[in-house]
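Given next, in structure tokens, is a single chain: the form predicted on its own.
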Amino acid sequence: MIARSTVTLQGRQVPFTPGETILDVAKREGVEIPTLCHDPRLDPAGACRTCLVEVSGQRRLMPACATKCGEGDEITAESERVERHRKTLLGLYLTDHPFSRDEAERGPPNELLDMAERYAAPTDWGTLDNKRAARHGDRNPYIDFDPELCISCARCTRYCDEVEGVTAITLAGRGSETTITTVDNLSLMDTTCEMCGGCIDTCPTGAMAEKLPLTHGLKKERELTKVRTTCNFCGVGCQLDLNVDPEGHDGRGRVVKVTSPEPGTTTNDGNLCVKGRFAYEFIHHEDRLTTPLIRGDDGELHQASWEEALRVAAEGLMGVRDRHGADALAFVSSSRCTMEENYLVQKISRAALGTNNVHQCAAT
């Protein structure tokens, strides 16, 4: 029988697998440890120091995200010492970070302010001028950077490197002047950036944000309703959250942005491409067809019901088959369809109309 490795966490003996960090075990056991620089998709950095905990035998507080559990460790995530550290650290963060929600929450929730409120961090320590360089005027259409909100956690640059593998953005400067930039301060359009928006998704303060909701003066993310759905731009099936303004589009609800589900909860792990994250304006575009159209005897398109449209399409296909034979027909289905939908297309082609002339545009 294999003996299980255990640690004592908040007075409870809990099991762990060798290689797991304190943060991994704490999350599994429902023990809250705050983090700012941590993203489960990234290698632990231990940069923000918000997740420090007491570990038996260690003189200093240890970063839970980067410290692996050891057999017999006694770990304390809530104590007077840990609480004092959190309050002091968050108070220091706020000295060069706006702590007014109106200033510091442009759209996405600001995790630093949430954490400061939860742990009653001091807000009366005065303020310092933010020395981080801005990148105003970047002509890219999607991603905006506000240095006033940046805490140099490097989640965005690490995501760009470790997940996307393009390294379009990087840390530059030193000390309080550390900022997020590109090579030679180029526009993201002139770098290796793929406009996936992963930097926006992983940013804990909203320093990286989507331009469109900002320029249109839309509601903050907390005021929107999230609706989980499947991206329809290809057949991969990435999950995403449509953020809906319930009062928009004549009171019927309007999709105003797309955000990622929490990492680890979906097959795409919270990652999206440029289409999935930013190409949503077609939903309410004035040119979008909202009802089937059938061309009449006058040569013009007229609105019809789905039953009428399907009947006309079926009659047209069968008419070609009857006049010219089944091989006069060919079917091409879309990579935007699901696997099941593409299966049905080939079933209609082969079983219903008798031709093997069927293809899928994503096939190679």
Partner chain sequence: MSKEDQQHARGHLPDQLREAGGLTEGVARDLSRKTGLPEAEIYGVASFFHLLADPNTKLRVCTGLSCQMAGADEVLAAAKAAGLPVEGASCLAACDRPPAVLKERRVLPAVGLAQIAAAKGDWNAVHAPGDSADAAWAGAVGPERDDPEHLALNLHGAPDRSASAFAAAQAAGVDALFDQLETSGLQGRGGAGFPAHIKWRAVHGQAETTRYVVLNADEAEPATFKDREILLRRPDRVLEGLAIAAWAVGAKDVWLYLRGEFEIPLQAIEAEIERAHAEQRFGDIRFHTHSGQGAYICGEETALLEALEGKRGMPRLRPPYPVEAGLWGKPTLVHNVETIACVPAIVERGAEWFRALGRTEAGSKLYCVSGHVQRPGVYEAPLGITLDELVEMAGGYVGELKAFSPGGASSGFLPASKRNVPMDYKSLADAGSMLGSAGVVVLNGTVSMRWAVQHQLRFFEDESCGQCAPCRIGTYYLRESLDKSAGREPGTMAEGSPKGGGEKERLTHVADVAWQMNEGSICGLGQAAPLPLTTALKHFPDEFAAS
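If you're wondering where the values come from, they're calculated on a predicted model, not measured in any experiment. Positions refer to the first chain, counted from 1.
Keep in mind that the form predicted in complex with its partner chain is missing from the display, and what follows is about it.
- Taking a 4.5 Å heavy atom cutoff to its partner chain in the predicted complex, the contact residue among 96, 241, 164, 111 is 96.
- The contact with its partner chain in the predicted complex, taken as any heavy atom within 4.5 Å, belongs to 184 out of 102, 184, 286, 250.
- In the predicted complex, no heavy atom of residue 69 sits within 4.5 Å of its partner chain.
- The closest non-hydrogen atom of residue 176 lies within 4.5 Å of its partner chain in the predicted complex.
- Within this chain, residue 171 lines the site of its partner chain in the predicted complex, having a heavy atom no more than 4.5 Å away.
- Although the partner is absent from this view, residue 228 stays clear of its partner chain in the predicted complex, with no non-hydrogen atom inside 4.5 angstroms.
- Exactly one of the stretches 140-148, 230-238, 184-192, 257-265 approaches its partner chain in the predicted complex with heavy atoms within 4.5 Å, and it is 184-192.
- Highlighted residues 47, 81 and 128: every one comes within 4.5 Å of its partner chain in the predicted complex, counting any heavy atom.
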